[in-house]
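Next up: just one chain, as structure tokens, the form predicted on its own.
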Amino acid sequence: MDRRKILLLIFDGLGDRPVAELGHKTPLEAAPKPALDWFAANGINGLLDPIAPGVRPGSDTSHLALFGYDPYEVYTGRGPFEAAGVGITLEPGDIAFRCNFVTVDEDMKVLDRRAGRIREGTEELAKALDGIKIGRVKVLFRAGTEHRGALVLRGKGLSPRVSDTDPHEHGVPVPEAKPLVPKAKGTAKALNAFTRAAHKALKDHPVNQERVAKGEMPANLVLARGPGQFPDLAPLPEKYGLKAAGIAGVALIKGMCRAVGMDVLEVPGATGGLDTDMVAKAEAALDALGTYDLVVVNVKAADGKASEKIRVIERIDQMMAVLKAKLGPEIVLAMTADHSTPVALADHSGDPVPVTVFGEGVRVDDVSSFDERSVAKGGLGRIRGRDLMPILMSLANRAEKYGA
């Protein structure tokens, strides 16, 4: 049996609802996108609920599902994936948090949860925090993209069942972490001690002195949220027998890929923002398919206003045109989104997202446009995120027979 390679494209936040200013069309319905439509017209289509119908997925839980895992069984929190994404190797018992560099006043009131959208100097600030000792607990800290970072507390008897130190709003005091279960008292105490130590280390740091001199907000504190322990995951290469690689610009998604055993490929120009080089990602994916059985590409750029979303869709279409011109018959391609982000909400929603599968032997349906309403008529019907990998394994002639 001829085994094929799999290319999985995940467009962040691509799904939407009808928008009044677009004549009650979704951005996908309104945007010119000949390449995306070509794949839909020559593939099999459907709607995909990343987790389950009506469930608002996070980017982390949705990617777990799209990789073929049940988030309800394996998800422990976002922190471990953020830590893996910035290069921290977690050990059993570690507690990981996602963090922001923030600006607070002298009364520890939050002035800006992103420290003026700080972009430079965070590596130096992170070094001032990495290695701090709090009793028997060791701190590991790394800077992420822009104002983001990852914190790991390493020690015996720690628990992820603590509340955030991030109040998720401005103009309020920094809250203390609280234990959510009795055995988390020591962890909450250690996190609060780290918060105080971080402020002491950062408030007069040369990076912040320079920022203040330039009239910029200092990154004088770190706030933590999303605690978790590294999940007990069967590595994807073992689960599916695939040599796999991931291409992403965002630390979280890199961490997701590393967590399931994928190699993370660095692509120049893959920033994880609106300026990301989508064509470079496509070219890198095509190259990687010469070595890997599965290549996952995350494109983090589709959130935003309707006009911005349409422009991003047009750029995604250029990326798909490159793939259309160069894909061989040995490749099975799937394109979908990790969640819907309706422009009216500016946040994740529980709406299903479009999904298209293209490749030799696919039962092509009558759908001719890649958008939320058109694909609903397709041959895939409505599936869950964790159904996608088994479908792709079958179409790639890699699925194991169930039964005799």
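So that there is no doubt, residue numbering starts at 1 and follows the sequence shown. All figures in this text were calculated on a predicted structure; none of them were measured in a lab.
The same protein also has a form predicted together with a further copy of the same chain, omitted here; what follows describes it.
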a further copy of the same chain contact at I51 in the predicted complex, heavy atom, 4.5 Å: yes
Within a 4.5 Å heavy atom cut-off, is R78 in contact with a further copy of the same chain in the predicted complex? yes
Give a yes/no on whether S59 approaches a further copy of the same chain to within 4.5 Å in the predicted complex, heavy atoms considered. yes
Does a further copy of the same chain get within 4.5 angstroms of any non-hydrogen atom of A31 in the predicted complex? no
Just give me the residues of 349 to 377, first to last, that have a heavy atom within 4.5 Å of a further copy of the same chain in the predicted complex. S349, G350, D351, P352, E372, R373, A376, K377
